[in-house]
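As a starting point, one isolated chain is supplied in structure tokens, in the form predicted alone.
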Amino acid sequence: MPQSSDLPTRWRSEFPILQTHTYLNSCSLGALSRRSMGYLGEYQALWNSMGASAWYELWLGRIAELRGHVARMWNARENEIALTPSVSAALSSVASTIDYTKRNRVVVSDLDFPTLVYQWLARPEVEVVRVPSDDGIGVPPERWAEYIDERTAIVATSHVFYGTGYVQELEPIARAAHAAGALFLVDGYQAVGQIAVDPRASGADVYVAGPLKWLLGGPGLAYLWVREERIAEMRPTVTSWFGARDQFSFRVDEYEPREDAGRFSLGTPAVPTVYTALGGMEIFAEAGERAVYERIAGLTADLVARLEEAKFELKIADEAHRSGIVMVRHPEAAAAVARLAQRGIVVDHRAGYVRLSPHFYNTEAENELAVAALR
């Protein structure tokens, strides 16, 4: 079994940006690997040599291969996985399956990413209910039940809050949603690739994420999981030809959705990102998912200890709910990020905080360098 402490030695040379920068921003965009660049070159070569025939002979197979990788990583069945252009597109398709005349409430939290909330704020027939946070870091799992009732159509929230790194306990929220007859939807974009994910075990009905961040695959795709037992009852009205049964029959006189989660697919997948995402997935498999998660947790603990020793004020969860996102209060967060970039240290900022996110390819020496530069 791969050892987490060995990962930087084995893998740093795979990521060109690490040769020139201290890159601690994987929760915004994962580093690009040589393998993904090679696969992108393969895609371009096939386009040049085969043209459209590459679709039928190779590209559809690569799309299916990526769905298989996602299914294995999430302990899911392949028929439960769909590829969509973005989380927003996936949410739109799922949201279109709900009859809001019967239930018109959607319950979210104050700490969720705006995309998740906007989907329902944009619908005048929907009442959006926000579960508050006392500390601005997390939400006690038992609080959700206080805001869910028989009027609730969907409970939608994040697995990991983007602005604090807080890892939610999903099972109690799922129980509260299901007790009221509501659908439970989880945005896992900041979870996949840094903590283990099993949507079925968590109680989710829908789980959505993508390759952009910790999975090292780039923008242009999202991964949607829909519990097999719920698929048949969810008929999207936001759809596409990739979501149709027998799509290559090109019928225009009727529409029947696919029987699997592919009914939520929206348009032609971004094949370049399929290739780069496959590179990221293969690296995860070879590095060892468990070792990757252990390495991220260890680097995060090291970074937090260094920041606390330097007397920085942190907005961070307790150890039991902590992920690889570290928020450091700063009076000029945007300016600080710009100054760090001038020193070759790449981080990000959110709402008065500098945000750092080490990945398995980072080192303790890079943590030390970043803290010293911040100080």
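Residues carry their position along the shown sequence, with the first being 1. The structure displayed is predicted, hence computed values, not measured ones.
Note that the form predicted in complex with a small molecule isn't included here; everything after this is about it.
Engineer: Going by heavy atom distances of 4.5 angstroms or less, which of Thr164, Gln190, Ser93, Thr276 would be at the interface with the small molecule in the predicted complex?
Structural biologist: Here the answer is residue option Gln190.
Engineer: With the small molecule left out of view, choose which of Phe284, Tyr293, Phe113, Tyr100 has a non-hydrogen atom within 4.5 angstroms of it in the predicted complex.
Structural biologist: Looking at Phe284, Tyr293, Phe113, Tyr100 one by one, just Phe113 meets the 4.5 Å heavy-atom criterion.
Engineer: Might Lys213 be said to contact the small molecule in the predicted complex, defining contact as any heavy atom within 4.5 Å?
Structural biologist: Because a heavy atom of Lys213 falls inside 4.5 Å of the small molecule in the predicted complex, the answer is yes.
Engineer: Are any of the heavy atoms in Thr152 no more than 4.5 Å from a heavy atom of the small molecule in the predicted complex?
Structural biologist: The answer is no: Thr152 has no heavy atom within 4.5 Å of the small molecule.
Engineer: How about Val87: is it within 4.5 Å of the small molecule in the predicted complex, going by heavy atoms?
Structural biologist: Val87: contacts the small molecule in the predicted complex.
Engineer: Can you check 301 to 309, 122 to 130, 79 to 87, 166 to 174 and let me know which stretch has heavy atoms within 4.5 Å of the small molecule in the predicted complex?
Structural biologist: Going by heavy atoms within 4.5 Å, the stretch is 79 to 87.
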